[in-house]
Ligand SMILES: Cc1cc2nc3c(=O)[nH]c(=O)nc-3n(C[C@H](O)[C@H](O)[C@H](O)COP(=O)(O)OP(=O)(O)OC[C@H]3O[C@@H](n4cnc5c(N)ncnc54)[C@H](O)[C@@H]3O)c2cc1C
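Take a look at this one chain, the form predicted alone, written out in structure tokens.
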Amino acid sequence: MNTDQKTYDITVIGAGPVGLFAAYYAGFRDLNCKIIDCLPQIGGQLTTLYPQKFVYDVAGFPKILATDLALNLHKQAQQYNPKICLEEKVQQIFYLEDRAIKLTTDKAEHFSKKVILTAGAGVFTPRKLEPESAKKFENRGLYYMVKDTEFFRGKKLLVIGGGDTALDWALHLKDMAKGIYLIHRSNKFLAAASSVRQLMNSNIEVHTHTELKEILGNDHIQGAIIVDKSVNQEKTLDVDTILCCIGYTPNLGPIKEWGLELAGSTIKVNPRMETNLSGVYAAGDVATYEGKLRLICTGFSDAAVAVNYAAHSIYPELRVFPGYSTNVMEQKEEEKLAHKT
């Protein structure tokens, strides 16, 4: 197991929009920060569930694509160079004699003075395909998540699913792929009506009431057998890549065993975003308190509150109120110029 010996001021668990904003705010308060996430890319639900959907309730943006919002939040946080550890599942928490916190993941050990949980709905585990032939092709032609859209350029692609994620990716990749099929087990799509209209008016070949029976091939995918359940008729598709988007199962995973005070699948916090565990805060969808609204905009507020109280707890000379960003940044720029001269 790898060990990062450095003790960070704040470790954020979750690289979704709230986690990225928490990392930015930590840097704004001159705290060093690390982000840990189990997914292979930043953005959380923005990039996993509805990457090509518009978000309308973020201040300053009449509308913005979910992927663009994630990229902007990442760029904002990168001003302060937080360390980002992806594809790591947090497992246990330990308290050390110097009051530092040790976190273990499935890959490494991490040390921090404070921890902020921004895990959203929890760890997203993709629902897997049932056919036995699917297992041997995982990450070898069969994928449950898009890491790089360029990978699908020129592919003969089968998309499986009928929700926003499936339709978003099918529509986004239709001009990249050599050809796209989409199958869905029902004739009712669980996606935005506008996406369904675009799908039906596109060059994507759509099969409803249809499920995957078998993936063909040896070292690589050479086709797929699908079954139209409405007439019990099989068909072989000429595909070399499959993207399965049939949903995710969210849960808090090992974090549930930490001893946190829970309310269902959320974590109870006080007005300072503190949990019942010393040094552990929560923000965003994973946190709950009286009057809580599970929105991205309120998650940003939660993150700012958590970071500011954590900053004061770590360094009591730092006020909880950070000052207005316009004034703070002007002062920092003046200090930089004075240091240069």
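Everything numeric in this text was worked out from a predicted model, so none of it was measured. Superpose the two forms; the largest set of C-alphas matching within 1.5 Å is the rigid core. Start at 1 with the first residue shown and count on from there.
The same protein also exists as the form predicted in complex with the ligand; that form is not shown, yet it is the one meant from here on.
Engineer: Since the chain is shown here on its own, which stretch among 22 to 30, 41 to 49, 274 to 282, 311 to 319 would lie within 4.5 Å of the ligand in the predicted complex, judged by heavy atoms?
Structural biologist: So the stretch in question is 41 to 49.
Engineer: Exactly one residue in Leu173, Ala166, Leu142, Ala121 has a non-hydrogen atom within 4.5 Å of the ligand in the predicted complex; which is it?
Structural biologist: It is Ala121.
Engineer: Are any of the heavy atoms in Val90 no more than 4.5 Å from a heavy atom of the ligand in the predicted complex?
Structural biologist: Judged by the heavy-atom cut-off of 4.5 Å, Val90 is in contact with the ligand in the predicted complex.
Engineer: Determine whether any heavy atom of Ile255 comes within 4.5 Å of a heavy atom of the ligand in the predicted complex, and answer yes or no.
Structural biologist: Yes.
Engineer: So in the predicted complex, does Ala304 come within 4.5 Å of the ligand, heavy atom to heavy atom?
Structural biologist: Answer no; every heavy atom of Ala304 is more than 4.5 Å from the ligand in the predicted complex.
Engineer: How about Val18 - does it come within 4.5 Å of the ligand in the predicted complex, if we only consider non-hydrogen atoms?
Structural biologist: Contact check for Val18: yes, within 4.5 Å of the ligand in the predicted complex.
Engineer: Within 291 to 314, which residues have a heavy atom closer than or equal to 4.5 Å from the ligand in the predicted complex?
Structural biologist: Result: Arg294, Leu295, Ile296, Cys297.
Engineer: Core-aligned, is the CA shift for Leu262 between the shown form and the other one 2 angstroms or more?
Structural biologist: Superposed on the core, Leu262 moves its C-alpha less than 2 Å between the shown form and the other one.
Engineer: Superpose on the rigid core, then tell me if the C-alpha of Leu190 is displaced by 2 angstroms or more between the shown form and the other one.
Structural biologist: Yes; Leu190 is a residue whose C-alpha shifts (by 2 Å or more) between the shown form and the other one when the cores are overlaid.
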